[in-house]
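Single chain ahead, by itself, as structure tokens, in the form predicted alone.
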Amino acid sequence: MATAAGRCGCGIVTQPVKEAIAVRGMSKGFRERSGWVEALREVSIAAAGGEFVTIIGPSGCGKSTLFNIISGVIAPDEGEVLIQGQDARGRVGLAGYMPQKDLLLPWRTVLDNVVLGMEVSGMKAAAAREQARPMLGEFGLAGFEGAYPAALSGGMRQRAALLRTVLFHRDILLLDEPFGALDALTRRAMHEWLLGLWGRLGKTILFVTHDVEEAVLLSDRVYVMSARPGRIIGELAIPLPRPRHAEIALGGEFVELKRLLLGMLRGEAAA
């Protein structure tokens, strides 16, 4: 059973809490020209309601495949996926999903991009825009509702993509390396912005990254995956107090947590 992290600076809450996401014994393979490729093997992870959980692992370990299964885009070969107690296998729309690329449509304005999910769900365009406008300021996009994606910075594009995901109105967000293409300064600003947003919205976030420091800064818990076929080889609670800021990375406890995660990854690479 997952544990939830306190946000009042008191560390990890140890009592069991209800799982918002539960993946149990998941395996998945694909047939390619070279033959059968096993992408995931008996993966089990969980996230409690309101928890920020990160998955790290080497390139090609199946993290994006895992997200595609949780989001219902593809079905697992074995195992189960529960989202708020519901069987999520093959069911799209139970969680908000933001893939690695922002996928903003270049011919639509910022406002029309962020309401796209609501329109696809059947909401009238005018009503969707009315609902989205008040949130543009919260996402740092006030004044840019009529701009096109080409005019936006990398950070603004990611905020627009995340607003589109949030406006899907799901309690669970799947964020697949959302800041991977950003420069270091922009990433740092986005980390603090995302943590503030998460604290205000109270969403459950499942986050994928290659960056160990990013994982420690953001997360309540971190899962470590092996190389293909992806397996869970470690799990680490992050008992750092919240709210967190980039300066926390200078502290000894942060450095020790980072060292532990790097040790798991290096041990897997050596094996």
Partner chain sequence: MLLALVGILAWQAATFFFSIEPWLLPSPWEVARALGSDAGLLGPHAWVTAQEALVGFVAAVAVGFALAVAVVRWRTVERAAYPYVIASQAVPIIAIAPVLVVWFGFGMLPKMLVIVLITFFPVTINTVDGLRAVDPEMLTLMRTMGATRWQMFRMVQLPSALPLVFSGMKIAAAVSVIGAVLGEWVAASEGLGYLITRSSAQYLTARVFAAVLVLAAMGLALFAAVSWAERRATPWARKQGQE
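Residue numbers count along the first chain shown, from 1. Bear in mind the structure is a predicted one, so any value in this text is a computation, not a measurement.
FYI, the form predicted together with its partner chain isn't displayed, but the following is about it.
In the predicted complex, R164 approaches its partner chain with a heavy atom inside 4.5 Å. In the predicted complex, L105 approaches its partner chain with a heavy atom inside 4.5 Å. Among heavy atoms of V73, some come within 4.5 Å of its partner chain in the predicted complex. Interface residue remark: F168 is counted as part of the site for its partner chain in the predicted complex, having a heavy atom within 4.5 Å.
A heavy atom within 4.5 Å of its partner chain in the predicted complex is found for one listed residue only; from K124, K101, R200, R133, this is K101.
For the options L116, L195, M156, A189, the one in contact with its partner chain in the predicted complex, meaning a heavy atom within 4.5 Å, is L116. The chain is drawn here without its partner chain; in the predicted complex, the stretch among 76-84, 89-97, 135-143, 177-185 whose residues come within 4.5 Å of it by any heavy atom is 89-97. Residues E119, V120, Y148, A150, A151 of 118-152 are found to place at least one heavy atom within 4.5 Å of its partner chain in the predicted complex.
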